[in-house]
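The chain that follows stands alone, in the form predicted on its own, written as structure tokens.
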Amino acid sequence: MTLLTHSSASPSTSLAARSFLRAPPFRAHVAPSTIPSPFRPRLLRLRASPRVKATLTVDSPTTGGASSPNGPPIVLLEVKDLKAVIKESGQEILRGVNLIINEGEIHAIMGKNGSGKSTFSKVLVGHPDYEVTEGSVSFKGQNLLDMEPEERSHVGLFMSFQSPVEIPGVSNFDFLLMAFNARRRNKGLPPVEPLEFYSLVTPKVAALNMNPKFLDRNVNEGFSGGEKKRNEILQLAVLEAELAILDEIDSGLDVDALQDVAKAVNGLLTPNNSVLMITHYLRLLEYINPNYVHIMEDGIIIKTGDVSLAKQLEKEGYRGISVS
């Protein structure tokens, strides 16, 4: 999720987690016993009504590319000849990636292990382990490579990691409220108060079939793999990012959990935002139908098509794509 840069954080620490570590102290989550009595009934009613009508479950769109009033699709992300190395060793991983994502589109990147898929996503969000050596990345018309990781989040970039980090001592509610208000501040909007935020986040929790008690638990601490993935998508739902990069959100999920996550992702799509998925599995493409499927090998995109391309390659025994 959002923002990245704290020297003591591990390389796998999510973007929002690293932002939290460097944020100033705050008090956001208020226990019912500490809330002034006029507000307690409202919060208790919210906690007692976890099954708020889910509004995020809609079918995946089959076409993308939002058009401007004058016609052509609006470019959200443009990557040109992007090359990057592992900073510590100098080993080149990305060898000239080219990609354009328009508003309203869903893109999937598939390929063999070690082909550069996850490295590409981490370079986009500014992971400190990688260094860009050539090429350019434009996001909403701005030079993404000139921005710090937290700036990339503030302008609308989100990343869901394969292995989200645990943050002991920090509740999900506090974490989400901090991230939500950080983005509001960047837009010049005033922060929301805890009670107002609780009423905003509760329907999103319900849409993911998550127990509202998750909001009181520490971020990802003791969570199963499926719970962590749902929690990442909850963060995406709260932040309403323009481009969501989902790195293998299907790994470790059973069919029911995958369907819940996919429905939530589909429900977040609008004509103005987009998704970039990284996956090995055709099953995810059945739930989140991409407009484009890209095949990556040796740090470059070698083929682009639609879902039929992925299905054909799987039938031919291509090792980078699996049915389940």
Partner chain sequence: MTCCSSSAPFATPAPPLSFHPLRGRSAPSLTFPSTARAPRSVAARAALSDPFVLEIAEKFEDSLSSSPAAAASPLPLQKLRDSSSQSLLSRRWPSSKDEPFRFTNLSFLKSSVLLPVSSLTTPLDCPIDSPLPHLLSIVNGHVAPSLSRLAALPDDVYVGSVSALPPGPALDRVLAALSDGFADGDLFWDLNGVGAPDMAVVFVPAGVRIVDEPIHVRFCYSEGSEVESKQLAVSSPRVLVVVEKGAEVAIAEEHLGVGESEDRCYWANSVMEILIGEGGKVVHSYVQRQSMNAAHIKWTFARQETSSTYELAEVSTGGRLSRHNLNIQQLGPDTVTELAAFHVSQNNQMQDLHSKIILDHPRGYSRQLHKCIVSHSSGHAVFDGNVRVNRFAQQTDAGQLTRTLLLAPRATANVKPNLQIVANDVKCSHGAAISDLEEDQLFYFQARGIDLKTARDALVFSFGAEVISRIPFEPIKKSVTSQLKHLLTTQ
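Positions refer to the first chain, counted from 1. Quick caveat: nothing in here was measured; it's all calculated off a predicted structure.
Below: the form predicted together with the partner chain, not depicted.
**Q** Is there a non-hydrogen atom of Pro168 within 4.5 angstroms of a non-hydrogen atom of the partner chain in the predicted bound form?
**A** It does: once the partner chain is placed as it appears in the predicted bound form, Pro168 has a heavy atom within 4.5 Å of it.
**Q** Spell out, yes or no, whether the shortest heavy atom distance between Gly104 and the partner chain in the predicted bound form is within 4.5 Å.
**A** Taking the distances in the predicted bound form, the answer for Gly104 is no, it never comes within 4.5 Å of the partner chain.
**Q** Is Arg230 part of the interface with the partner chain in the predicted bound form - any heavy atom within 4.5 Å?
**A** The answer is no: Arg230 has no heavy atom within 4.5 Å of the partner chain.
**Q** Using the partner position in the predicted bound form, report whether Thr119 sits within 4.5 Å of the partner chain, counting heavy atoms only.
**A** Residue-level check for Thr119: no, no contact with the partner chain.
**Q** Given that the partner chain is left out here, which of Gly96, Pro128, Pro191, Gly225 has a heavy atom within 4.5 Å of it in the predicted bound form?
**A** Comparing distances to the partner chain in the predicted bound form, the residue within 4.5 Å is Pro128.
**Q** With the distance limit set at 4.5 angstroms and only heavy atoms considered, check whether Leu208, Leu253 and Leu284 all reach the partner chain in the predicted bound form.
**A** No.
**Q** Just one of 197-205, 146-154, 83-91, 109-117 has residues with a heavy atom within 4.5 Å of the partner chain in the predicted bound form, so point it out.
**A** One stretch meets the cut-off, namely 146-154.
**Q** Select from 229-252 the residues with a non-hydrogen atom within 4.5 Å of the partner chain in the predicted bound form and write them out in sequence order.
**A** The stretch touches the partner through Glu232, Gln235, Leu239.
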